Every structure is written in structure tokens, then in C-alpha cells.
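Presented below, as C-alpha cells, is a lone chain in the form predicted on its own.
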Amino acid sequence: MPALYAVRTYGCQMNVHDTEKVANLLHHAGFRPATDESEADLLLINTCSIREKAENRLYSDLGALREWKAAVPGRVLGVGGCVAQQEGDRVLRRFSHLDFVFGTHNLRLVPDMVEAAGLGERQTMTDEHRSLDRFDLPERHEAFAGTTPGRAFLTVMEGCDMFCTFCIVPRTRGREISRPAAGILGEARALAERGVREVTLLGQTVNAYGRHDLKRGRDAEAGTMAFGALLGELAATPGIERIRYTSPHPLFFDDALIQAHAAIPEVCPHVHLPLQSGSDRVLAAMRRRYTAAEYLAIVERLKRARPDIAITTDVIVGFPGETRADFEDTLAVMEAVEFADSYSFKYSPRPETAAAEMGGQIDPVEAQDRLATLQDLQRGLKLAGNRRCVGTETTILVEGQSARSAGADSAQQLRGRDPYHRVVNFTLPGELPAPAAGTLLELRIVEATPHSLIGERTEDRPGVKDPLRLVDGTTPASRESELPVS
């Protein structure tokens, strides 16, 4: 019987995708996922270091896992991700029951490190390198289905050369490196053949893809291209119906990328465009390299290209030296853009970043008050935007059971996301077959809540008796009848 593994994942989409990469490698090495950590022979923690809270969580987890490790002889415990890259051997020295530490550039080494741990060898592998080998990973193992049916992450570049003063990513993820387009397109084709309909392109500054090669005139040699051109190539992949990307930097929104939202139907009408602050003074201190007016100009160009586009963002409050007037500037930009949603945080000093050494650190109570004010504003903006959707029709990619299902009766409460990345919940009578996760389904929006939309099925097509209609015109029942008999 194969050994069983479990992974705890903290942090961003890149960390989630790194966990998928490691899980696939473990499948190829003969491991299978445990249904619970109590059954696992191998436990990995994939860490995040963007904020101090996530870092402290790792140390708390490792302390508590002494009992897990001691309970069954031969168990293996490993730590990876950004804290591993940041702290390296210090983590291994601090926790004697930890077997190995691997950095963000060393995912391919995990199966070998697990094998070495079984022989009693403790290792740290956090070397940074610029080799394209990090992208050279095996295709999905036939036993590894992934965690999001119908959707998949697709890495196009890694690292960051921007060095914002608050951000530790250039240290934990390294400098920018773009993956050759042939590998990206090949992976997209393989995903589509497995039933993936939506891909999300990943990179620390994803729309910076290929920029260094283009600037140096070596894009043909490197096999890269402009990001807007890459979107067009991906859209031509049979089976891929939706393309998203995260997280872009405002500095790299060129005309070709903006026009892609108008000209390429597969590119979703949603952009996550980090703002961080609406104050020019604070933006300069952050080394963001744009002004509030330049940010708003990008939003205006996107809205001209695609009038229905949804903009989401990231915001930091309480950055060193931020005055109340600076904070009010941020609120003004939020109101001007009418963000569909935002991810907002209090500033957290990170080691070896310029902002950690700045004067004017904001009182935590004041920072919390500003965060609450900003989040109240965002709740109002989101609810107003959701209400404007009532009466419209949309297509969702079904994700599975809704969070609203707790205590439900015989009705099935399901959820999915529309092209604008909004959560849409819908209910089906218990006797109807539920559409599988990964299915594209047409709904009409009938209600708005502060956090999501409520949909119902669209009217049946003439002559179609089954009350559920999928985007391709089939029904769950008809699709089931087409399946081969085992």
C-alpha cells in the first residue's frame, strides 16, 4: 500500500499551486493523499511570509506537531514555502523533530528529501537559482485530480524585480524569470484534455512576463513573448474557455494587454489590480512607481475596453508615515473605482525590507480603526455592485456545495463563480441530478447579498424538458446517459 501524505498550505495562490506541484510529484513517487493528518506518513507545511501572523503560525504548528511525529515511528515532517526560503537552516535547528526544509526553488527535490529523511538524514535545500528546471515538472499523474475540478493554476513566471519597500517577495521568490511559452501552451493543452475549462495564469508580477527578453531582443531565443500575445495564444487552445491572471503590477499594463480584454472573449472581464495606497506620498514611500492618477487612468482604459469589467484590489493601511489625509486619499480612490472587492491588511514589518526601518510607524489601534473604516466602505461598494447584477444572466463554473448548505433540507445548495469572479449560490430540488464541479452552467441572478449573488436556472429552451441546461446545451441527465457502462 502506498505511503500517505498531507499538506497544510498558507498564503497566496502561488503557494496553493506550489502545493499542487509537490502533491503531483509525490503521486509520481508512489504516495497518495491521506484523508486526515492522523493517517499521514508524511506531513508538509507550505508557508507564507507576507505577514508576520502567518510566520508565527508556522512556529506554533511545528511546536504542536511534536506529538504527531512521535505517535508513529517513521513519520516524516517537512517545511517549505516562503518562510522556509527566508529562515532556511534556522528552522531546522530550532525544531529537532523537523526532518527537512525546502525553498521555493526546490520543489522538485521533495521526493528525494523524503527518501533521505527515511534514512535519518536531515536537510535544508534553499538555494536560489535561475535555471528553468524549476518549470520542468511531470504532467499530472493519472491519480492526481487536483483540488479544483474544471479550473487550474498555470505558472508563467516567478520572482519579482520591483523591490517594493514593504515586500519580502524578491527575497523569498527571487528575481523575475519567465517560462518559455511552449511549456505554458503545452501544459494548457494537457489540462484542457483533462477537462479543465478555466486557467489562472500565475506570477508575482504576472503581466511582466517576458519583459526582460523583449527589452533585450532575445524573446525568440528565450521562447517568450509579450504577455498580451501569450493570452491570445492560450485563448486558441481547444477546450480553454476562460483565462484569468494574477497578480499584475499597474506598471506593466500596456495597450496590448488592455485591448486583450476587449478582443479576446476567453479573457475574463475581471482584473485584480493592486492599489496598496491612494496617496501619492505613500505610494512613493512604498516604491510602487505610479501615482494615484496613473492608477485611475489604467482603470479608465480597462473600462473603455470592457465596460462591464470588475476590478478588485489589494490595500495596505497604516504604512509607516501614513497620515489621516493619506488614508482619506485611499478611500477616495476606492470610491472612484468602485472596487468589486478588496483584500485589505494592516501594514506588517517584514525582515530585511526598507519599510521595517522607516520612522513613523503607526499606532496599532489607529491602524485597526483605519482598516475597519476601509472595510466598511468596501462592504458597501460590494453590496451595491452585487445589487446591480440582479436581473442579469450569467454563466458560472460550478465549484460544488455552497457554504449556505448547512442545515439544508432535501434541496441541493451549490455554488460557482461567474466570469467576473463573483460567487453565485443556487438551489436545486433534491430530485434533480447536480451538475458536476467544473461544469459551466447558465443562471439568472435573482438576489444580492453582501458577500455573494443568488441565482436560479434560466428558462428552458423550447422542447427541452430537463430543467437544468448546461452551456453546451446538454443536461446532467443526458451526459450521464452518454457515459460508458463499466
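We number the residues from 1 along the sequence you see. As the structure is a prediction and not an experimental result, all values here were calculated from the model.
What follows is about the form predicted together with a small molecule, which we do not show.
- Of the candidates 153, 253, 347, 102, 347 is the one whose heavy atoms come within 4.5 Å of the small molecule in the model of the complex; the others do not.
- For the options 117, 316, 283, 91, the residue carrying a heavy atom within 4.5 angstroms of the small molecule in the model of the complex is 316.
- In plain terms, the part of the chain that comes close to the small molecule in the model of the complex, with a heavy atom within 4.5 Å, is 44 to 52 out of 44 to 52, 31 to 39, 65 to 73, 435 to 443.
- None of the heavy atoms of residue 188 is located within 4.5 Å of the small molecule in the model of the complex.
- The shortest heavy atom separation between residue 378 and the small molecule in the model of the complex exceeds 4.5 Å.
- Residue contact with the small molecule in the model of the complex: residue 295 places no heavy atom within 4.5 Å of it.
- Although the partner is absent from this view, residue 166 contacts the small molecule in the model of the complex, with a non-hydrogen atom inside 4.5 angstroms.
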